[in-house]
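Heads up, the chain below is alone and in the form predicted on its own; it's given as C-alpha cells.
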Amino acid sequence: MGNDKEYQADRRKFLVSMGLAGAATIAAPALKTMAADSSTVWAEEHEIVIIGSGFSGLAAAIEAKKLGAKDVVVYDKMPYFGGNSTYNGGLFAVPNSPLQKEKGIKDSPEIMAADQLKAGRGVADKELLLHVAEHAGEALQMSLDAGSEYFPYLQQLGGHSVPRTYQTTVASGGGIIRPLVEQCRKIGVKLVTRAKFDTLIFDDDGKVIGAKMLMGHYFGRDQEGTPMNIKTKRGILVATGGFARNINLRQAQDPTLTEEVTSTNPPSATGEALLEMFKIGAIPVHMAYIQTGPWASPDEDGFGYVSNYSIYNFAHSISIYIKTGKRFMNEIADRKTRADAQLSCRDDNGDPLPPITITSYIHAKEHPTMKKVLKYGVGWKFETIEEVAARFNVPLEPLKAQIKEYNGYVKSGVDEQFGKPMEKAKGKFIEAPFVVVRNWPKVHYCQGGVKIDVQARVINSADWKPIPGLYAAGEVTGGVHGVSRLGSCSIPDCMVMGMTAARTIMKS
C-alpha cells in the first residue's frame, strides 16, 4: 500500500507537469484530458465503462457480467456496433481446438506463439502471445455459446505451421459480432451508439475515474454531439481499434503508406482514443509496424470478397507478375513478405501493376466466396491460358512455362522456386478452366499502440507502472505481434485480452 500511495503521488505530479490536473489547467488548449473537481457534473455512473464495441469490448462486457458485474455499459461512436471487427474476415486461430483433436492435428499454445514470434521478427511480445494462445479456446467457446457458427474444417494460413484457423460461415467478423451483441442484450449490458469518446477524467490521485463522451455524435457529418461526463466505479476499458484510416498518422510512421495504399478498415478507424492515451502518459509501441493485407483486391472497396477467397486459395494457386509471366513470391509466406513482394510489382513508369492469382476453377469453387467474386466482377473465369494472357497482357510462353514448372512442384511436393509448403497443394494442379483475381495490399492492421501488461493494464511511461483505472485491449494496444501479425490471430488477441481486462477490473 505504501508503494501505491507513493505511486499515486508521483502520478499526480506527472499530470500537473503535463498541465492536466487541477482546476486551473482544465482549460489548457493543447491537452484536453481533464481532472475532476467539486464542480464536475456527472451525467451517469456505471460500474464498468467500455469504449468500443468490437471483439474486445463485447467479450469484456460478457465476461464482466459472468463474473458478477451489475452495471456494464459499452459505447460506440458509430450508428452500429462492431466497428472494424464486423469488417474482419471471421478467421479465428485456436491451438488445441476441438476440430484439431477430431482431425488428429498436433498443436499447442507454445507452437502457435512460436509461429507468431517468427512472423514478428524477434520483436513480438512472447508473454502476451502465449497468454492469448493459452486462452484462445475460452474465447472460441464464448463465441459458440453466443451462437457463432463455423465451417467444419480448419485452414492453414500463411506463417502457421499447422491448420488451426476456424472460419465463420458468413466469412466475416459479423458472424461473431452479431451473436455477441445479442448475448450482451440478453444479459443486461447497456449498449449505446453514436457516443464518441473525447477525454479521460482523473481524480486528485491520478486515477482514471471517468470519461467525457459526446452523445448524439454523427460521424463524418460535422456533428460532434453533446458532452456528458460518465463516471466509473471500477475502471475504463479502451477497445477502440487501430488507426488504419488516419492517413496522416500512419504516413507519419511509415511514409510509404500514402493514399495509394487504401484500407480494409471502415472510415471510423481513426485512432483518437489512442492519441488521448498517449497524451496522459501511455507508452507508444511499434507505431511504424502497420500491416498490409496481401490478399486484398484493387478492384473492390474495403475487405471485400476477394480477401477471403484469396486467403483460402493461395495455398493451391500461383501469383504471377504480369510483366514477366513468372511467380514472384511464396503465396503463403507471412503477410509482410507477400505484401512487400506485391508492392514491388510495377510497370515501366514505376506505377502499381497488381499481380494476378491463378487458380483452377475446380479447386476455387470449393470456397463459397468464389460465386460472389465472379458475380460482382472482382474475379474472372477463363477457359484457356491464352485467354488469361490476353486479358492481362501477360507474356504467354513464360506463363505456360511457369505453370508447367509449378505443376512439377505439385507432383514432387517441393517448391524449388520459393519454398512454399506444398501440403495443401497436393494433387491440385493448375489446369483449365481458371479463376483469376488481382491482388494488391491494403492497410489492414496496426501493430502499434499503447503498451499493456498481461493483465490488460495500460502502462505509464513515467514509471512503467499501470495507470490506475485504465485498461486497453485489441488493436489499440501495441507490441503484441511485432513486425507482422499472422492471419487469424486478431480475433483471439482481441477477445482474450478483452476477457482478461474484465477479469482484472473485477478484482479491483
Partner chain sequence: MKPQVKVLIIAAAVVLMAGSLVAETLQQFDSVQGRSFHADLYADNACDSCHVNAEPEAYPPDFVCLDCHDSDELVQATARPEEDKWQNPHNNMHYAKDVPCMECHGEHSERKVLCAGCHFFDYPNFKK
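Here the structure is a predicted model, which means the values were calculated and not measured. Numbering follows the first chain given and starts at 1.
The form predicted in complex with its partner chain is left out here; the points below concern that form.
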(request) Tell me whether 258, 380 and 428, taken together, all sit within 4.5 Å of its partner chain in the model of the complex, counting heavy atoms only. (result) no
(request) Select, from the options 385-393, 220-228, 207-215, 101-109, the stretch whose residues sit within 4.5 angstroms of its partner chain in the model of the complex by heavy atom distance. (result) 220-228
(request) Decide whether residue 371 counts as a contact residue for its partner chain in the model of the complex under a heavy atom distance cut-off of 4.5 Å. (result) yes
(request) Give a yes/no on whether residue 332 approaches its partner chain to within 4.5 Å in the model of the complex, heavy atoms considered. (result) no
(request) Look up in the model of the complex whether residue 411 has a non-hydrogen atom within 4.5 angstroms of its partner chain, and give yes or no. (result) no
(message) Even though the partner isn't displayed, in the model of the complex is residue 400 close enough to its partner chain, meaning a heavy atom within 4.5 Å?
(response) no
(request) Have a look at 354, 174, 421, 325 for me and say which one sits with a heavy atom within 4.5 Å of its partner chain in the model of the complex. (result) 174
(message) Can you work out which of 178, 234, 363, 135 has a heavy atom no more than 4.5 Å from its partner chain in the model of the complex?
(response) 178
(request) Note that its partner chain is not shown here; using its position in the model of the complex, name the residues of 182-199 with a heavy atom within 4.5 Å of it, in sequence order. (result) 185, 193, 194
